[in-house]
Each structure stands twice: as structure tokens, then as C-alpha cells.
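Take a look at this single chain, the form predicted on its own, given in C-alpha cells.
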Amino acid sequence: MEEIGPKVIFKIGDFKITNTFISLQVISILVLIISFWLSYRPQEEIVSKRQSLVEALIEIFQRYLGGFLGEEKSVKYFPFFSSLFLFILLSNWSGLIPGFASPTSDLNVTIGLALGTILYIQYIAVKEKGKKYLKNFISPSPLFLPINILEQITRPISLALRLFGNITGEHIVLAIISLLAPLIVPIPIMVLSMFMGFIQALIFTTLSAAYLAAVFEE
């Protein structure tokens, strides 16, 4: 139970290096490697099985995003949402590796993810809609300005707390069950935890895509 949550490994001056910070760097590098590997296209005309599988997965994910954003915008913003999903998925699963701390079990990481996502959506909104989007903050009346701003603030908070709470809760349950039945019971629980890690990554990405889709609604 002591291993759950961020744990300080060493310090550089006043800056504390935690196990989740180290895991965060490892996962980030791994996402970059996987992204380059998946995006590689051989020059030969013969399509390999790997390329066929990757293209099928990309098409499935783009169609899923298309349900929120439409076909054109799902292709345009696919790199961001696919990278977001892959990072959260690997972060969630990494906590199942012995001695490896899941970055998403650190509230600082989930808050950073949520804030980065919402800021990106706001940037796209201003870029795509301009003044028309800014007018939404005083719609239907200027009196609603504080409420509309509060709505934008609560979005990253809910995203961060939902992801952090679910992943931390799963790790606590897994740790308790591992203590009670260390040989047999943890195996199906780990499989369930992997499934829930996938679901949490999908939920975070889906809500983010829904927030962006709301920007383009007339």
C-alpha cells in the first residue's frame, strides 16, 4: 500500500523527483517511439500485415471520433486525440508493472493532462470560430458570463479528478487483493484492471472530443 501514489525518489535542489515523474518521462518517450513506428510506411507496393492492422485501427478510431466531430475534422484532429488516448492508456497500464508507478495515479499529472487538453480546445475554438466563439461566453445574456466561464473551469477539474480517482482506486483494490490472495486472485483482477484502464483512456478522450465538438455546433 505504501507504493500507491507519488513517492519522492531523490531531489535536485528544491525540486523533488517522484516515481510518477520518472514514469511520465518513460511513457512519453514510449509514445513517441510507438507513434513513429506506427506512422512508418514502407516504399514497397506490397502492404504488410502490420501496416494493414495499423490502418484498420486508425480507421476505426477516426470513425469513432467522426461520431462527434464529423469525418473531416476527425481526420484533422486525429493526431492529437490518438496521442492523448495512447498516452493515457499506457500510463494506466504501466501501474500493473511491478516497481513502476502509473503517472495517472498522480493528481498533478491528470491535472496537467486536463488543463493541456482544455487549453488546446480553447485555442482551436478561437482559431476556428474567432469572435463568434467568444460571443458564446455572453450567450444568451451578458449576465451568464460568470456561469459560462465557470463551466469552462469545471471541465478540466472533472476530467482530472475522474481519471485520478478511478486509476488510484483500481490500484488500491489490486494491492489489497494481492495481499489477501497473492497467487491466484490477482490474475483476473489484473485483466479487469487493464480493461478498466482502456475504458478510462477512452472516456477521457471521448469527453475531450465532445468538448471540441461543442465548439463547432451552431
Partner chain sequence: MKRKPRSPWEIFNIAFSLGTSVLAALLVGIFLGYYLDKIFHSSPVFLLAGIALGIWVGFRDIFRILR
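Residue numbers count along the first chain shown, from 1. Fair warning: this is a prediction, and the values are worked out from it, not measured in the lab.
Another form, the form predicted in complex with the partner chain, is not on view; read the next lines as being about it.
Looking at the partner chain in the model of the complex, is some heavy atom of each of 34, 38 and 96 within 4.5 Å of it?
No: no residue has a heavy atom within 4.5 Å of the partner.
Give a yes/no on whether residue 15 approaches the partner chain to within 4.5 Å in the model of the complex, heavy atoms considered.
No, residue 15 stays farther than 4.5 Å from the partner chain in the model of the complex.
Is there a heavy atom of residue 154 lying 4.5 Å or less from a heavy atom of the partner chain in the model of the complex?
Heavy-atom contact with the partner chain at 4.5 Å: present for residue 154.
So in the model of the complex, does any heavy atom of residue 10 sit within 4.5 Å of the partner chain?
No, residue 10 stays farther than 4.5 Å from the partner chain in the model of the complex.
Can residue 158 be called a contact residue for the partner chain in the model of the complex at 4.5 Å between heavy atoms?
Judged by the heavy-atom cut-off of 4.5 Å, residue 158 is in contact with the partner chain in the model of the complex.
If contact means any heavy atom within 4.5 Å, which of 121-129, 108-116, 88-96, 67-75 contacts the partner chain in the model of the complex?
Selected stretch: 67-75.
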